[in-house]
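A single chain, nothing else alongside it, follows as structure tokens in the form predicted alone.
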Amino acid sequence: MSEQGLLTPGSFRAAGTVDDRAVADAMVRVELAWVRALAHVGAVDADRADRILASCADWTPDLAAIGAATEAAGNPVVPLLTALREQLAPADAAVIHRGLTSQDVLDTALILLSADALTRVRADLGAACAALARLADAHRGSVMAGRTLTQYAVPITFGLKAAQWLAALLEASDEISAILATLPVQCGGAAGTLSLAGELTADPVALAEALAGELGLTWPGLPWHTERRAVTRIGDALVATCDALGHLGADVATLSRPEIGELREAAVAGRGGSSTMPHKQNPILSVLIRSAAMQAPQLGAQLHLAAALAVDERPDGAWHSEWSALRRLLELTVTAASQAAELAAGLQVDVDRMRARATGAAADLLAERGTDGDGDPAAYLGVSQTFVDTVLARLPGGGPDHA
């Protein structure tokens, strides 16, 4: 993943969410939460735990050193632990990580990163939904040509089109909320038995529950080292979100074509220009959102492939292949959701052009009626208003003013 974003346009919007610094900080957070959990169940003296936590409070991992040593261990937890223990007296260093395994730490760290990313995505979806709700309400009577298989179909309203975009984003937001409420901690020890934890406390499950509580996660009842639904569920929600955002971006890009010209992205200085054609104002947000939607499914598929190939009590390569796919999928979705919120808020609607096109194509748009096509397209809208109201009723407070 490019740290500068040269080949990931807009990734600055996800800055600090999934980069190496965020990964390292999340791993340290897990290790220190384990110390607090050990103290919580009486496996470590409270004074010693406090001393360890104080010694590590201002420590910043050296990413270059950890990165250089990661290949030798196969994951970044081992070199991070080595560096972390160097901050402590030997007796205190022995407490750090005792009872855990590297997969516990990295899986939980990635869950923490996912929680942060999903929270950001949900907030941006909320902003996009609010903007789309206003458009759906304001344009519930704005007639335009409906198109199926690229050709004229029957009249619709732009309000209904915006309501369809809104419905998909609301579904995605609901799914994200459900996942955020149940994100699991990973805690199983060397082979998913909590065997060493059982040497530290009479109730190792209570220790795992304490770790979950320290991190604001849930204890799922058992470790999931080779049962990867926790990861694929996150991936599925991210892909579904990108699907919904991609539909929005594709429609806006299509309707922004100069030969159609019914929608325009808001003009922003320095955005959408061409290196050679000074007349161009490219719908860049829509283009980048579409790009994310095209990449997301394969990243989600990689997570499912890894889940299907997990073997034994800890996977040999399948687990490792998840990391970059999940991180890129998180980055893509955070970026696309932020772009979509901006796109929806600034979207410009040319209702006159929509109406003129619908009127000019009345013969085609009204052909379904079985008449000669004469008439006003606005008189043949079915229950479009009802459908708009149905979607708007799903918003908090039941309308766009409360979105």
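Numbering starts at 1 and runs along the sequence shown. Predicted model, so just to flag it, every value in this text is computed and none were measured.
There is another form of the same protein, the form predicted in complex with a further copy of the same chain; it is not shown, and what comes next is about it.
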The one residue among M294, A123, A89, A266 placing a heavy atom within 4.5 Å of a further copy of the same chain in the predicted complex is M294
When a further copy of the same chain is placed as it is in the predicted complex, which of 132 to 140, 209 to 217, 239 to 247, 114 to 122 ends up with heavy atoms within 4.5 Å of it?
-> 239 to 247
With the partner left out of view, is L395 within 4.5 angstroms of a further copy of the same chain in the predicted complex by any non-hydrogen atom?
-> no
Spell out, yes or no, whether the shortest heavy atom distance between P400 and a further copy of the same chain in the predicted complex is within 4.5 Å.
-> no
Is there a non-hydrogen atom of I284 within 4.5 angstroms of a non-hydrogen atom of a further copy of the same chain in the predicted complex?
-> yes
Indicate whether A367 is a 4.5 Å heavy atom neighbour of a further copy of the same chain in the predicted complex.
-> yes
Residues within stretch 120 to 147 having a non-hydrogen atom within 4.5 Å of a further copy of the same chain in the predicted complex = A145, G146, R147
